[in-house]
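Below, in C-alpha cells: the form predicted alone, a single chain.
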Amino acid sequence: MQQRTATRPVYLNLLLIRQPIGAIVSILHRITGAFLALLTPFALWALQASLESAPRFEQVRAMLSGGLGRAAVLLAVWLLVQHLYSGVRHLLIDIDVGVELHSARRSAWSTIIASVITVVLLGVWL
C-alpha cells in the first residue's frame, strides 16, 4: 500500500500572476462600477447644491474648476467612460460578437485606449 503524503495548500500571489487583457478589463469594469456607485452620493450632493441658488452654484463650480477638482472630474469621467466602454464590450460578447480570441483581445485593448483618448480630449476641451 502506498503512503499518501499530505499536500500543503499552494500560496498564489495574485499580484504576480500575469492576467490576460480580457481579465484585466473585466476586473476594471467591476472596480469602476464600484467607484461610480461610491461617487453617486457626492454627485447628487453637488447637483443639489448647484441647484439651490446662484451663490451655491458658483461655490460648486469653483470647487470643481480648481486643480484638484478638475483632476477629480477627469478621474470620474474616466471611471464613467471606462465602465461604459467595457460594459458595451461585455454586452457584445454576451450576444457572441467578438468572442474569438484575437477580436476579444483587440476589443479589450480598444476599451482602454478609447477611454484614455476620451478623457484626454475632454481634458483639453475643459
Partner chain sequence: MMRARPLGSIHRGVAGFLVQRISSLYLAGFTIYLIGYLILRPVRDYGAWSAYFSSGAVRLAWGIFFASLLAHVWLGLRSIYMDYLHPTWLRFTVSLVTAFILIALAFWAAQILIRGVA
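Since this is a predicted model, take the numbers as computed values, not measurements. Positions refer to the first chain, counted from 1.
Same protein, other form: the form predicted together with its partner chain, not shown, and the subject of what follows.
Ile27 is the sole member of Ile27, Leu74, Ala62, Val99 with a non-hydrogen atom within 4.5 Å of its partner chain in the predicted bound form. When its partner chain is considered in the predicted bound form, Pro41 lines it closely, a heavy atom lying within 4.5 Å.
Although the partner is absent from this view, Leu68 stays clear of its partner chain in the predicted bound form, with no non-hydrogen atom inside 4.5 angstroms. Its partner chain in the predicted bound form comes within 4.5 Å of a heavy atom belonging to Leu122.
Heavy atoms of Leu79 never reach within 4.5 Å of its partner chain in the predicted bound form, leaving it off the interface. Residues of 46-82 placing a heavy atom within 4.5 Å of its partner chain in the predicted bound form, in sequence order: Leu47, Gln48, Ser50, Leu51, Glu52, Ser53, Ala54, Phe57, Arg61, Leu80.
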